[in-house]
Structure formats: structure tokens, C-alpha cells
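We begin with a single chain expressed as C-alpha cells, specifically the form predicted on its own.
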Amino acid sequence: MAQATGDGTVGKALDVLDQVASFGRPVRFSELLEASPYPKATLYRHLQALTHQGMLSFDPDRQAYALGIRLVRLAHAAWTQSSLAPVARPHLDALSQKVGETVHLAQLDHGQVLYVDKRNAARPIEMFSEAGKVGPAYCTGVGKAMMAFLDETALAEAVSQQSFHRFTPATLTDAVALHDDLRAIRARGYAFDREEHEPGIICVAMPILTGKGRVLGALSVTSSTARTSLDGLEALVPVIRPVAERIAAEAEDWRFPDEGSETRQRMTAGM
């Protein structure tokens, strides 16, 4: 059953929107009610308001709700304005061609990993990730790379949002083990996925940080144990790190032109 937030009317409406989206298909009122924390009248009222605002659409023939076209428009604007994907695209293309492995770009979303872009390897491997998909942070390279560089308050909140479900024998299943790994990641500057989310899938991941150390996202190169090893992926760190730094500098310049220009000048002066 979905959990209610404490953010008033807007929070409840967003809960309902999330619930509709979670089905991945048009959904009937009875299905929503069965999983909803809200009374029938409250759920119906929010569905009507969301439909009137174009955030949901209602098919009278199927008697089903689906995400609305206004939400698609807002999602496209968010992708353009808030996602690293537009800035990172040429860098992902170049990195993918250079290393020949799968490349991921991710950002944190309420303690979880949101994959915002992906480039498949020359010989693709079947795996969980794809652009637009949400995954766990505690057992993925990109997730741990981002969490390791959060400030104390943000890290505590992110850790509290982890499920610690055991996906494989290598999965970290408690906060103590996760914190130990995050300290090691912060010390060396990059993270590994040691088959923690999917058997046979490994990666090396690099955080994308602003000049002041704020986490913007993470970049990873992913492969399989049948094709390479963690040592083999770690050898790519000198190739991956400057890509992450270029994405960070361009993202700052794009979002905050004055601050970004200062950051780029500092980086140029240090070269």
C-alpha cells in the first residue's frame, strides 16, 4: 500500500500522481483505491483535480486513468532544464566509443538512483538499467559514488531511504556496511559495483561534483565478469575522471553562468 506524505493537499495530489505512474499502464479507480492510503472520497477528489489540470487523462470507455499530456510537457522541460543529460550527451558518446563498454549517467532522486542517460556497449549486455528508470542507490556504483560525497545531513537522509534488500550475495544489507564502503569511496574518489545489484554485472563509477563539492550526479562504466574484471574497469579511471570533471564544469556554466565561468577559469589556471 502506498504511504501518505505530510505535505498537505499538494503532497496528497502528488502521491496520487505517483501511484498512477507506478502501474505503468492505464489504471482503474478500484485498483488505485485498493492500494491507496486515502479514503475513497479523498482519492476521487484528487484524481478529478489532476485530470482537470491535465496531469492525468481519463478514458471513459475503459474507465481508466493515465498520465496526462501536460505532465509529458513538464517532464520534457525538467529533462532539459534539470537533467545533466543535455550537457553530458557528447561526452557520453565519446566515452562510450573510447571504452567500448556500457556508460551510465545518473542523478539522485529521494535517495534513489535515476538513470538519466545510457550508452550501450559495442556488444550490449542485458541489465536492469535504462534511461528514465529508478534503481537502488546502496547497491549500485553510481548510487554509492553520489552518496559518498553528500554532506552529513543529506547522507543521513539518503541512507534512511534505502531498503537494504539483498539482491545478490555481495549486496550490502545494512547501514553500517554501507557507511564503511562510502568512506572508502570518498577516500579513493570513485566507487565499484561488485555484483551487488545483479549477478555478473560490475562497474566503476565516478561522482560528478561542482567546484564546491556539491553532488550533481555520477558517471559509470559497466561490464560483466564474463568480459572483464574490477581491476580492468579500475584501469579506466584516468579516462573517466576527466569526463566527469568536464560535465561538471559545463553543467555549472549552463545552470549558473557566472559561477560556472569562475569554476572553468580556476580549472584552466590549474592545468
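As the structure is a prediction and not an experimental result, all values here were calculated from the model. Sequential numbering from 1, following the sequence displayed.
Same protein, other form: the form predicted together with the DNA, not shown, and the subject of what follows.
Q: For the spot marked by Asn120, Ala170 and Thr225, is every residue within 4.5 Å of the DNA in the model of the complex through some heavy atom?
A: No.
Q: Name the residue from Arg28, Arg214, Arg70, Arg241 that puts a heavy atom within 4.5 Å of the DNA in the model of the complex.
A: For this set of options, the contacting one is Arg28.
Q: Going by heavy atoms within 4.5 Å, which of 198-206, 39-47, 233-241, 214-222 lines up against the DNA in the model of the complex?
A: In the other structure, the partner sits against 39-47.
Q: Spell out, yes or no, whether the shortest heavy atom distance between Ser229 and the DNA in the model of the complex is within 4.5 Å.
A: The answer is no: Ser229 has no heavy atom within 4.5 Å of the DNA.
Q: Can any non-hydrogen atom of Gln53 be found within 4.5 angstroms of the DNA in the model of the complex?
A: No, Gln53 stays farther than 4.5 Å from the DNA in the model of the complex.
Q: Is Ser22 one of the residues lying within 4.5 Å of the DNA in the model of the complex, judged by heavy atom distances?
A: Taking the distances in the model of the complex, the answer for Ser22 is no, it never comes within 4.5 Å of the DNA.
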